[in-house]
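One chain is shown next in structure tokens, namely the form predicted alone.
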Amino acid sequence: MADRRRLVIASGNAGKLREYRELLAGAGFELVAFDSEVEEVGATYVENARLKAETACNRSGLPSLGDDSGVEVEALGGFPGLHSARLAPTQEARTAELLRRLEGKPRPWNARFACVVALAAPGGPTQFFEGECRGEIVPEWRGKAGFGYDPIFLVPGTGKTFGEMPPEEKRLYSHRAGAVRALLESGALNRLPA
């Protein structure tokens, strides 16, 4: 639609893009995927989210969202955290490596998913919004929905992993959904120039 404002999503991750399309469906924006291919060299989720959002904004000239997220496991001192997406070459290998590192550690393997969303707009300061979901890592894959570590992340009180939840149920609990809710509740998107 020609009258809809455009908002860049700074990611090449198909699962993440699908989630953003669902989470922002009623926000009145045409979402534009932009794989900025930014190297995640920040020391925090905030720094990496800023790098992605500001790079996409500078290259596209449009308001841009970037995020960084990770799973932090208490038994591993918060690992993999910032390194969640770089633990191994494929998600299957990353999940296997995380479970290998947890072998022999007493359960429950308490964990949290954390997400920071950065909103960068031309001529304005970058804004940040956070979300988290606390839960437990389970030792076997459960479900095929979602992406990343979803099939081994058990959400308290549901009896399900994110991998077993349809998208509408996952949105009730997920770290990314929480960060996007904070963004929407702040009114920051409504204040973007037309």
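Bear in mind that the values here come from a model prediction, so they are computed numbers and not experimental data. Start at 1 and count along the sequence shown; that's the residue number.
Absent from the display: the form predicted in complex with inosinic acid. The rest refers to it.
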{"item": "Three-residue site S69, A85 and G148 fully in contact with inosinic acid in the model of the complex at 4.5 Å by heavy atom", "value": "yes"}
{"item": "Inosinic acid in the model of the complex: contacting segment from 149 to 157, 26 to 34, 136 to 144, 57 to 65, heavy atom within 4.5 Å", "value": "149 to 157"}
{"item": "Inosinic acid contact at S186 in the model of the complex, heavy atom, 4.5 Å", "value": "no"}
{"item": "Contact flag, E47 vs inosinic acid in the model of the complex, heavy atom cut 4.5 Å", "value": "no"}
{"item": "Partner proximity in the model of the complex: Q91 to inosinic acid, non-hydrogen atom cutoff 4.5 Å", "value": "yes"}
{"item": "Partner contact for E130 in the model of the complex: inosinic acid, 4.5 angstroms, heavy atom", "value": "no"}
{"item": "In the model of the complex: members of 156 to 174 within 4.5 Å of inosinic acid, any heavy atom", "value": "K170"}
